[in-house]
Structures are given as C-alpha cells and as structure tokens.
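Look below for two forms of one protein chain, each set out as structure tokens: first structure 1, then structure 2.
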Structure 1
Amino acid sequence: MILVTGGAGYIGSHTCVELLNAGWEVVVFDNFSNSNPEALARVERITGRKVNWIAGDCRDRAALVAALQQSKAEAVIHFAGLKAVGESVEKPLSYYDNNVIGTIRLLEAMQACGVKKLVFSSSATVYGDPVKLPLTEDHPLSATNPYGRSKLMIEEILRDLQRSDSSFGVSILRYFNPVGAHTSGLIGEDPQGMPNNLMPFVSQVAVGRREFLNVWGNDYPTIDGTGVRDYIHVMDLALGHLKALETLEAIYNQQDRRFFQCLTVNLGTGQGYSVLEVVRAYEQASGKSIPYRIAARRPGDIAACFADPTRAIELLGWRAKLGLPEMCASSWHWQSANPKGYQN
C-alpha cells in the first residue's frame, strides 16, 4: 500500500494510474485545495480499480498518523504542496507553511508509524539561475523565489533526516515542466483560478476560456527572447515515480541499510523549448489560433532551464519517451473534452 499525498492533483492523479496499473494499492491523502475528487473517480474508470482517499491537510500530524495506520502504508509519495512561482513571491509565508511545515509533519508521522520509504516531489527550481546547461544533479543549489527555496529547504531536511537514520530511504525527484494529459482525455491539468503554468493557459485560450496568452518577457537571451524550459509529458513523469519507488524497494530488500541514501535525480527530457515554440506546437495540435501579448518579465523567472537526464537513466532505468507533439496533442484532447475541467 502506498500513501499518496496530493494524489488528486495533476501529477498525483496520473501517478496513481501508473501505480494501480503496476499492481500497487493506493490511498490518497489530499485537502483538495487545488484538486477535485472527480479526478480520483476518473482514475478508477481508467484503471478499473478502487482508489481509497482521505480528506486531510499535511500540516495535521494526527490526521497523517491516522492515515498511515489505517492504510498500513509501506511507503509514501509526497506531492502535496503549493507550486506557483509567481504566487510564491506574493505569498511566501503560505509556501513555507504548506510546503516546509507540511513535509515536516509528514516525516514526523512517518517516523511515528515506522514508515521509512519516501518519494519526494521536488523541482528544478532548486538549481536557481543556472550556471551551466544542461543541469546535472551536482549543479550548485540555490533558488530565485520562495517556491524554489521551499523545495530546497525540504531537500536539506530530507538529507539531514537520512543522515540521522540510515534506514530511511528517500528518492528526490527534481521535475522540470510537466505538461500533457492521460491519453484517455479523462484526467489532465485543471488549475483552480488563473493558471500559473504555460500549457494550461495555452489550452484555455485554445478552448475559448481565455482571450489571449500573456508571454512574460521577450528579451531573454534565448532563441526568440522568450523563456526556454524542459517540458516533460506527465505520463513520463508518472512512470518516473513508479521507477523511483521500485528502486527504493529493491534497495530496501537487499537488507543492507548502508546502501540507503537520498537518491536524487532529474526528471526531464534534456530538450528545451521556448514559450513561442510551445505556442506554435499547440496551434498545430489543436488547429486553433493562440493569440498572445508580450508582458513584463515575472519576478523569479529565469531565461532557460533544461535537464541532463543521464542519472535517471542509470539509477532508475527511466527515460522520457514522449515529445512536444504528444504533449500538446494529449493536452488538447483533455481540454477539448473537458472545457471547464472537472467542473463539466
């Protein structure tokens, strides 16, 4: 049994599909602040398997202890947290409270229940403004915004915990930019309120929910002046979590705790695309025009960021398989079938 915090969210729901298809039992722990229980009902439709869930907040240690005890979970995949760069600049205390304090409470609950395996949802924002590209896991760590600093703080907490208890197994997955949706079109990214990431904003413009896309800055030192990011299909990302969990299980089953460590890997494709390249690819996938306007740079944004995925290939046996056309096509399939997201 795997406890999945934030499992009703965008990445969490897609990962639940992979876990269930691989034979795992899952229980989702989510406060539904930026998600919808309907996503879990649709995961059940996709997989033909039951998804148990508990409504709760990761800052509630007692609720986490109860969830771990009730589910008899043997490992945790931790997605729960706030994730918008711009919002984090405006509301830093909320990000430290939800992300850092929430993770500490989860770790306390895991210790209390003897659960020693954790896959953690981190971010490439822990690399800050890149010194060199592509980004490898030994790149100097920093952050340019409170969201990134919250992830960096959590990583340091996990490394300290693992050093204090060598039987605690942690896999830190540094995401690049998840996009796309499940091929069924039943689940996808459905942000509450104004989207903070590029692809859902583009898709909402394409479907007519929004008039135009704001492009935040066109004066970066990139191919067309717009920000360049490593976009990764959410189903590739979900499979990366399954591989990370299986790797922790394999190490644990060796019964030699000296091999336990924080397995830190990038989950990205190694290919960067600019905002305008994504817009053109989405227009081709959807057959719709995507009007856009150039706006000032957002605080905390950087020019370019893309991964060196070599370590994930070597340690997890994982590599991204789906490209930008598949990302845009699956996103459009989801959005066109669900123009108002899960509120249809």
Structure 2
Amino acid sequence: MILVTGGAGYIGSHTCVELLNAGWEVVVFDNFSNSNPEALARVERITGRKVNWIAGDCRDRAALVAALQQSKAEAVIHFAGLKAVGESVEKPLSYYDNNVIGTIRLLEAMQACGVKKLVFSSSATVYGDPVKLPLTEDHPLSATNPYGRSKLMIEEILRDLQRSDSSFGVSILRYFNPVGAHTSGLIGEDPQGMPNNLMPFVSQVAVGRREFLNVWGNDYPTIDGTGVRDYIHVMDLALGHLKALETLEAIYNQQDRRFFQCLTVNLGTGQGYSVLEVVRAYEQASGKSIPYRIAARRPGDIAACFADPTRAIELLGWRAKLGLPEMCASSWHWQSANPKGYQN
C-alpha cells in the first residue's frame, strides 16, 4: 500500500494509474485545493481498481498519522503542494506553509509510524539559471522565487533527515516540464483559471477557449529565439515514480541500510524544444491552427533548460520513451474530449 499525497492532481492521478497497473494498492491523501475527486473516479475507470482516498491536509500531522496507520502504507509518494511561480511571489507564506510545513508534518507522521520510504516531487527549478547545459544532478542549486525556494528547502530538509536517520530511504525526483495525458483521454491537466504553463495554454487555444498564445520573448539565444524546455510525457514521469519506488524497495530488501540514501534524479528526456516547435507540433497533432503573438519576455524566465538523464538510466533503469508528437496528441485527446476539464 502506497500513500499518495496530492494524488488527485495532475501528476499524482497519472502516477496512481501506473501504481495500480503494477499491482500496488494506493490511498490518496489530498485537500482538493487544486483538484477534483472526479479525477480519482476516472483513475478507477481506467484501471478497474479501487482508489481509496482521504480528504486531508498535509499540514495536519494527526490526520496523516491516522491515514498511515489505517492504510498500513509502507511508502509515501509526496506530490501535495502549491506550484504556481507567480502566485508564490505574491503569497510566499502560503507557499512555505503548504510546501515546507506540509512536508515537515508528513515526515514527522512517517517517523511516528515507522514508515521510512519516500519519493518526493522536486523540480528542475532548483537549478536556477543554468550555468551549464545539459543539467546534471550536481549542478549548483539556487532559487529565484518562493516556489523554487520551498523545493530547495525541502530537499535540504530531506538530506538532513536522511543523514540523521540512515534507515530513511528518500528519492528526490527533479521533474523537467511534465505535459500530455493518459491515452484514454479520461484524465489530464486541468488548470484553474488562466494556465501558467505553455502546453495547457496552447491546448486551450486549440479548443477555442482562448484566442491566441502570447509567446514570451523571441530574442533568447536559442534555435528560433523562443524559450527551450525539456518537455516530458506525464506517463513517462509516472513510470519514473514507479521505478524510484521499486529501487527504494530493492535497497531496503537487501537489508543493507548503508545504501539507503537520497537518490536524487532528474526526470527529463534530455531533448529541448522551443515554444514555436511546440506550437507547430500541437498544430500537427490537433489539426487546429494556434494563433500566437510575440510578447515581451516573462520576468524570471530562462532561455533554455534541459536534463542530462544519464543518472536516471543508471540508477533507476528508467528512460523517457515518448516524444513530442505523443505529448501533443495525448494532450489534445484529453482537451478535446474535456474542453472544460473535469467540470464537463
């Protein structure tokens, strides 16, 4: 049994599908602040398996202890948190409260219940403005906004905890840019209000919810002047979590706790695409035209960011398999079948 915090969210729901398909039982712990229980009903439809869930907040230690005890979970995947960079600048305390305090409460609950395996959602944002590309895990860490700083703080807390208690097995997964959806079109990314990220914005233009895309800057030192990112299919990302969990299990079962450590791994493809390359790929996948306008650079944006995925291949035996056409096609399948997301 795996406790999945934030399991009703975008990445969590897709990961639940892969966990259930691999034979794990899951219990989702989510306060539904940025998600809908409907996503979990759909995970049940996709997998034909039961999804247990608890409406609870990660800042509530007692609720987490009860969830861990009742479910007899042996490991936790911790997705729960707030993730909008701009909002984090306006509401820093809310980000440190949800993300940092929420993680501390979870770790306390895990310690109290003797649950010592954790997979944590970190982000490529912890590399700050890249000094060198592709990004390897030993690249210097920094943060430029409260969201990124909350991830960096949590990473440090996890490293300190693991140093203090070698029986704690932690996997820190640094995601690059997750996009796409499950092939069923039943679950996908459903941002509330104006999407912050490129692919959901493009998909809403394609489906007619928005008139045009603003391309934030075309004067970067990149292939066509627009920002380059390492987009990764959310189903590949989901499988990365499964591999991280299995790797922690394997180390644990060897009974050799010397090897228990923070397994810090990039989850990216290693391939960068520009904004205009994504727009063209989406037009091809959807058969729709995506009108766009070139606008000023978005404050805080970087020119390019892509992973060196070698460590994930070596340590987890995982590599991303799906390319940009599959990312766009699955995103379009979800968006065209659910123009208003889970509110349909």
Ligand code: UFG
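Numbers given to residues start at 1 and step along the sequence of structure 1. Think of the rigid core as the biggest set of C-alphas that the two forms share within 1.5 Å after superposition. Here the structure is a predicted model, which is why all the values come from computation and not from measurement.
*Asks:* Between structure 1 and structure 2, which should be identified as the form predicted alone?
*Replies:* It is the first structure that is the form predicted alone.
*Asks:* So that I can tell if residue 123 moves, could you say whether its C-alpha shifts by at least 2 Å between structure 1 and structure 2 after the core superposition?
*Replies:* Shift at residue 123: below 2 Å after core fit.
*Asks:* Rigid core superposed, CA of residue 217 - does it shift 2 Å or more between structure 1 and structure 2?
*Replies:* Where the cores coincide, residue 217 still shows a C-alpha shift between structure 1 and structure 2 that is 2 Å or more.
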